[in-house]
Structures are given as C-alpha cells and as structure tokens.
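Take a look at this one chain, the form predicted on its own, written out in structure tokens.
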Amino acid sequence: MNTAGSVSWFLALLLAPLLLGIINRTKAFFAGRQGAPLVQAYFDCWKLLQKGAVYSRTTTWVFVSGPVAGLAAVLAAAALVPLGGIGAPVSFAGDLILFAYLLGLMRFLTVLAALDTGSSFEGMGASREVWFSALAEPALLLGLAVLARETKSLSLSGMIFALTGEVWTRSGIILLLLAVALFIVLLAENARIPVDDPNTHLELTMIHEVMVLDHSGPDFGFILYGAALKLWVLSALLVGVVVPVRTGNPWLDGAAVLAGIMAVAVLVGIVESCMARLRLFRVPQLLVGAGAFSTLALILALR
C-alpha cells in the first residue's frame, strides 16, 4: 500500500459523510430553507454509536453481522478506487471485477439482514432492491468494460490514469454516454431520487430505507456511514471519468477530483430538488436506459 494511496483512502473515510450534508444543503437552498449543518451526518453517526442496539427475538447472527460486514465490503471497495492522479491503496489487474462484486456483496448482506427479521414489509423492500440492482449492475459492468477497452487496462487505477484530455478528444461521445450511465447507476445504487427517496416514510413506496427499519444504535450508524462511503466511491469513479485533469502532480489532480466529487453531490441535490420520484414500474425503464447507454458506448468502443 503506497503512501499516496493511503491518503486517498483516508480522505474517502474522512469526507464521505460530508457529501450527505452537501446534498441536503443543496435541497434546502432550492426549498428556500437554511437546512441542517454540512456536518450533520457526522453528528448523526456519532450519536448512533453512543446508543445501544435493540434486537428482535426472531433475528439471528445474520441480522447482527449484516451492518458490520456490509461496511467492511464498501471499505474494501473504497481501497480500489483512485482519487484522480492519486493511486488507489490496492491496485491489480482485474480489480474492476472485485470492485463490482464488493458493491454487490454489500447489498446482498443488507438484504440478508432484512430478510432475517421475518418481516414481510422488509421482505418487500428487499425484493425491490434486488430487482433494481439486477438492472443497475449490468450497466456498471458494461461501463467498466468500456473503460477497459478505451484505456487498455484492467485496473481501476490504470483506467483513470489513462483517461486524459487526449482520450476525451478521441472518444468524447463514448465517454459521455458512459458518464450518463454511471450517473444513473450512482442514483440507483445510493437510493436517490428519481429511483428511490431516502427521506420517504410511505410504506408502499419505500425500498432501501424499509430494509434498515429494525436496525438501531451502532448498527444503524454503520449503515449510514456505509451509505455515505458508497456514494463517495461511485462519485469518485464518475469524476475520474468526467474530469481528465492529469497535470503530472498527483496532489493537484486529487484536488480537482475532490472538487468534482463535491460537484456531484450538488448535482444530486439539484436532481432531487427539480424532479419527483418515478413510479415503481418506470424505474426499470430508467435502469434499462442506463444499460442501453453503456451498451452503445461499448459498441462504439469496439468499432
């Protein structure tokens, strides 16, 4: 693990909850409100870690270990994603496949914990989560295949390093299609509008939030932090594609990517402020559209 890579991973761990604050402040701005502090997510996680957890008599070790194991999975995924010119702590040929599987593992563990409660309500949310993820994951994997084709690399760090302004000049349409697909995947994977609403309390429309209703105390704190870290990881991947800043100075490149990640959080807040959540049967159409963008980008890359 190199020093620069350790810095990028540490920044992800430190700044990930800030993205939630930026999204909420952006939504508050559009609503004409002051909004919660930018660091509210830090306060929430700290408060939850100091509380005790309540467990149902019907749950088993699966429910107890779900939040911790899910957080461990996304922590490992964060170690594979570079921060612009700052390489990832862990990098090897084929790590893009491991990256996708770690995100899938995080979701799988959350679904298992929800099903372990024996609640039909949480089972409904788990079913919807798996349904949508089955449509979002192909778009992500095809997008990674496009990057591998364009950069001739099978490592996430190698891909991001190779995406320079020259590559954008040569393959701008392909990368633009890929960026749109990745942004839709980011919204879906992080339960954001128009796919899901993290603030909803309507029983018939809840998806991700319904799966974590029975979690409390530190367990819910792990889930909240893991969600913020997942948002950071996918934002860093998207910005690495969209912002081809390669000055030769990794710290300047990293600063540009940090600014881009904050801009992605603002963009997510704008999307949530300007449009409503889609009806459930419309969400698969959106995710299939993301897959179509990735497929078209791959076809153009293979020409």
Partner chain sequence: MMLLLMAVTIMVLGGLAALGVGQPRLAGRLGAGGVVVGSLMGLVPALRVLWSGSGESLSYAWSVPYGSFAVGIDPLSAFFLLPVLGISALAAVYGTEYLIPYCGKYSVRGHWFFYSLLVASMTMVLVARNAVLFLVAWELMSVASFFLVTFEHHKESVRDAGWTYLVATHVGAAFLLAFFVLLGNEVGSFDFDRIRAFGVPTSAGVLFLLAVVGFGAKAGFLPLHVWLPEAHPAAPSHVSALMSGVMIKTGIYGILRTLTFLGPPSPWWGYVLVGVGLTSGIIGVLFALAQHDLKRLLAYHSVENIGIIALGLGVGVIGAGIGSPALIVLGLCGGLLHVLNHAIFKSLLFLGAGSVFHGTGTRDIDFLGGLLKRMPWTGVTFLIGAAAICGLPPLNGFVSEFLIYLGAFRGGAVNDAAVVGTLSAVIAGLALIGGLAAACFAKAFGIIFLGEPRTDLSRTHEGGWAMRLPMVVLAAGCVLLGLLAPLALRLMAPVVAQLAPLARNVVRTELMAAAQPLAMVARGGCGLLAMIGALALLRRRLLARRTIGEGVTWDCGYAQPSPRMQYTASSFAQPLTDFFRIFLWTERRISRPSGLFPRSAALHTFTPDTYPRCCTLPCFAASYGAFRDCAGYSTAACNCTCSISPWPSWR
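Residue numbers count along the first chain shown, from 1. The structure displayed is predicted, hence computed values, not measured ones.
Not pictured, yet referred to below: the form predicted in complex with the partner chain.
Stretch in contact, per heavy atom within 4.5 angstroms of the partner chain in the predicted bound form, of 36-44, 260-268, 239-247, 57-65: Contact criterion met by 57-65 only.
My question is simply whether Gly21 lines the interface with the partner chain in the predicted bound form - judged by any non-hydrogen atom within 4.5 Å. No, Gly21 is distant from the partner.
Can any non-hydrogen atom of Ser171 be found within 4.5 angstroms of the partner chain in the predicted bound form? Result no; Ser171 lies far from the partner chain in the predicted bound form.
Glu189: heavy atom within 4.5 Å of the partner chain in the predicted bound form? Glu189: no, not in contact with the partner chain in the predicted bound form.
Quick one: is Ala28 in contact with the partner chain in the predicted bound form, heavy atoms, 4.5 Å cut-off? Ala28: no, not in contact with the partner chain in the predicted bound form.
Contact test, all of Leu96, Leu115 and Gly123, partner the partner chain in the predicted bound form, heavy atom 4.5 Å: Yes: Leu96, Leu115 and Gly123 each sit within 4.5 Å of the partner chain in the predicted bound form.
Taking the partner chain in the predicted bound form as the reference, which of Val81, Leu144, Val195, Leu163 has a non-hydrogen atom within 4.5 Å? Exactly one residue meets the criterion: Leu144.
Option touching the partner chain, based on a heavy atom within 4.5 Å in the predicted bound form, out of Ala72, Ala179, Val167, Leu224: The residue in contact is Ala72.
Sequence order please: the residues of 272-298 with a heavy atom within 4.5 Å of the partner chain in the predicted bound form. Pro284, Val288, Leu298 sit within 4.5 Å of the partner.
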